[in-house]
Every structure is written in C-alpha cells, then in structure tokens.
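For reference, the chain that follows is the form predicted alone, supplied as structure tokens.
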Amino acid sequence: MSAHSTSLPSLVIVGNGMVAGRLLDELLERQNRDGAKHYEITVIGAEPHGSYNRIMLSSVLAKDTSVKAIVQKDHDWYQSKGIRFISGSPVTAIEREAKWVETACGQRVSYDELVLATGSRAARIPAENLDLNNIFLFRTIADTEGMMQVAAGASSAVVVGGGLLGLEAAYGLAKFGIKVTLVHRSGWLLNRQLDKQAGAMLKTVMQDMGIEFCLGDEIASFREQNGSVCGARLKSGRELRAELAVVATGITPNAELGLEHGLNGQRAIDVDDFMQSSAANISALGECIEHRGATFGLVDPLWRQAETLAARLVNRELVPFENQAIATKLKVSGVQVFSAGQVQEQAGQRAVVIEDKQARIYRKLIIDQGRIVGVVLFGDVRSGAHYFDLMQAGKNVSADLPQLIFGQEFAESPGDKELAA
C-alpha cells in the first residue's frame, strides 16, 4: 500500500456498500480530471469483502452467478488506488471533537472529513422465535452463502415478503428443488409497484415455477426443533413446514452510529441538499440518511447523492441533490415489470387498460385531466420510458390515448393511426 502523505487531508468513509463504491468512483474521477490528489482516503467496512453488487445476491442464490463475480472492488483494487481499506470490523464510536473513529477491534482512525455510508439492514418482523437457526435476513454475502448451504439439504422453505427481494429469494430457493411457500401480508405481489390485476398475473407466473403463496397473511411464530426452524404458524392459523426461512420485508436504515453520536435525524441521519449532516466535517449518504423527510432504497437517487457529495468534497462545488420522481423497472425471474407514479386510480381519474392473459401482457395508464399520473406495465415494458417522459412533462395525451396504450411505436406510426380510424 502506498505511503500516506501528511500534507493531504484525511477522508474516512465508514461503510463499504454500493453507494460507498460509487462515491469512490466519483472522487477518483474528479481527482484524475484535476490531475491532483485531494485526500488520503480510508474505507472501513463491516464485511470482510470489498464493495460488491448487493442487487446480484439473488442471482448468486439462484446459482446464475458467483460471489466472486459480484465483487466490484476487491482488496487489490483499493491498494492499486492508494486507498487504505480496513475490512471486517465495523466502526463503533465517533469522537467528534478529536476527529477520530474507532472500530470494534479497537483501531482508531483520524479524519479531517468523515462520510457515513453505513447503509441499511433487513427489517425484522414481529414473529416469535425469529432468532432460530436457519432463519435468514436476506442482505449480505454471508446470508446468501448460509441460505445456499441449508437449502442444499432441505425439502421445504418459507419466504416472508412479496416485494422484489422476496420473490427473487423464492425463485432462487425453488431452483434447489425444494417446496417454497411465500407469505405476504398484502393481497397481491409487488403491491407497491403493481395493481391487483398485474399482481395476480405475476402470481400465476411464479406458481408455474412451483412456488406456493399465502397472501393476506403474516407469520405469527416460527416452530423450533433442536434450536432450528422446522415450521411456521400463520396468523390465520395455517401451519407450514419449513427447514429454512427467509425474511425479506424491506430495510431499516443503519443510522444508529450517527444518531447515537449526536447527529440530527428521526428515522435516519438528516442531511441537507449537499449531503452535509448537522455536524461540521461529517457527511452522509445512501440508505442510512433522510433528506427532507425521505429515506432511500433504490439505486438511482443514491448515485446522484454520490455525485453531489464528491463535487462538494473535491471541487467545493455545490450541486444540490434533488429527490426526483423515478420509474421502477424490475426483472422478476425473467418477467419484465415497469411502474411509475400511481399504481391505483383514484376518484375522478381514468384507467386505460389492455390485457392479454394468455401472453401474460398487461398495460395500464392512469389519466388525470388528460395527463398520465401512473403507469403499470407487465410482460412488455418497451414503452415504459416513453410513458414516463410524458408523465414527467405533464403533457395532455387525451387525443393520443387510443393509440398510446398500445405503445410508442403504434402511437407514432401514421399508417397504424389510419387503420385504427
């Protein structure tokens, strides 16, 4: 590792997830552009690995890729960039006056600028016996490897949560040839991204993969045998067998480190438009923050936060972060899903829908006073970006609706319009 110069300020990044990796890319790009090094950088990560693509853990579980393939920055990468990397020991204390942090193993690291990028953890559910062996909160490489090890010898599994991560976990476990039952408290799958009809279509697709569903229900307790999970009892009274359980019901910000050391915030660490916390010399970004009351779990705003923070730290440029509306494009076990804005129409709004149950294609545009305020696409998402642009622009689409619902290509083809007429 290169020697650390005493003439440069010290930048310490606590956390080594995807947003920390993106921040490093943004910092290095600006330093390369300037032709000068601005900081001596130290990264401290709780996990033993370098920065990896957490989104791809589902693909690791499904055996479509490997752990090695999803690591984006291994230990050699940090060394090659002259970055000090302390792995496998989380930061447990911040001394704001003396400007140092301390890790769980007692190592102290001084800073001039401190960045908290501690991310989030899987949310827990209020079920009894949640801490039994072979119950996993799907979040890390260690979780994924543990699930794969247990699944190899199991015959049944329960997955809790019908969001994207829960669906991907169920799909991955089903590929082990075991009976998988997914429990979701909503009445349909992906209820934040899909309406009831599209959710039902997704359920049919997943059932064809051998996955069973208990919708509109929750886990009351897990059953135990020799310290490990052997089943689950639902609030409805139904009993399920399970030698393995996965809880994938959302995330909780890892904000305690900042909040317990005096930083402002309610659910997470409060930052301003430039990722500055309430304390001088301490910034934060990613899933551990709240910005104007909002917390974050999608990649797009996190990348823009990294750009804002890097611009301020390196170039002293103030480029404010804005929490913009974004579209959600998901690939659930080979099925394309796109949604933006509202999912359900409200009083006074119009829903324009086409559905092909045999081809498993569904489209819905929600219209309010001639303008698109919601998009739900299932199976064919080719016009998603076009619909989103129209929604963002607030364009009146009343005259184009008969063609528009069939997609951008149809709507823009004069010949097709003549035929439709």
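This structure is a prediction, so every number in the text was calculated from the model and none was measured. For every residue, the number given is its place in the sequence shown, counted from 1.
Below: the form predicted together with a small molecule, not depicted.
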>> Is residue 19 part of the interface with the small molecule in the predicted bound form - any heavy atom within 4.5 Å?
In response: yes
> With a 4.5 Å heavy atom cut-off, would you call residue 220 a contact of the small molecule in the predicted bound form?
Replying inline: no
> Does residue 117 reach the small molecule in the predicted bound form, with heavy atoms at most 4.5 Å apart?
Replying inline: yes
> Going by a heavy atom distance of 4.5 Å, is residue 331 a contact of the small molecule in the predicted bound form?
Replying inline: yes
> Of these, 188 to 196, 317 to 325, 88 to 96, 341 to 349, which stretch puts a heavy atom within 4.5 angstroms of the small molecule in the predicted bound form?
Replying inline: 88 to 96
> Only one of 311, 205, 257, 83 has a non-hydrogen atom within 4.5 angstroms of the small molecule in the predicted bound form; which is it?
Replying inline: 257
>> Just to confirm, with a 4.5 Å cut-off on non-hydrogen atoms, which of 365, 27, 44, 41 contacts the small molecule in the predicted bound form?
In response: 44
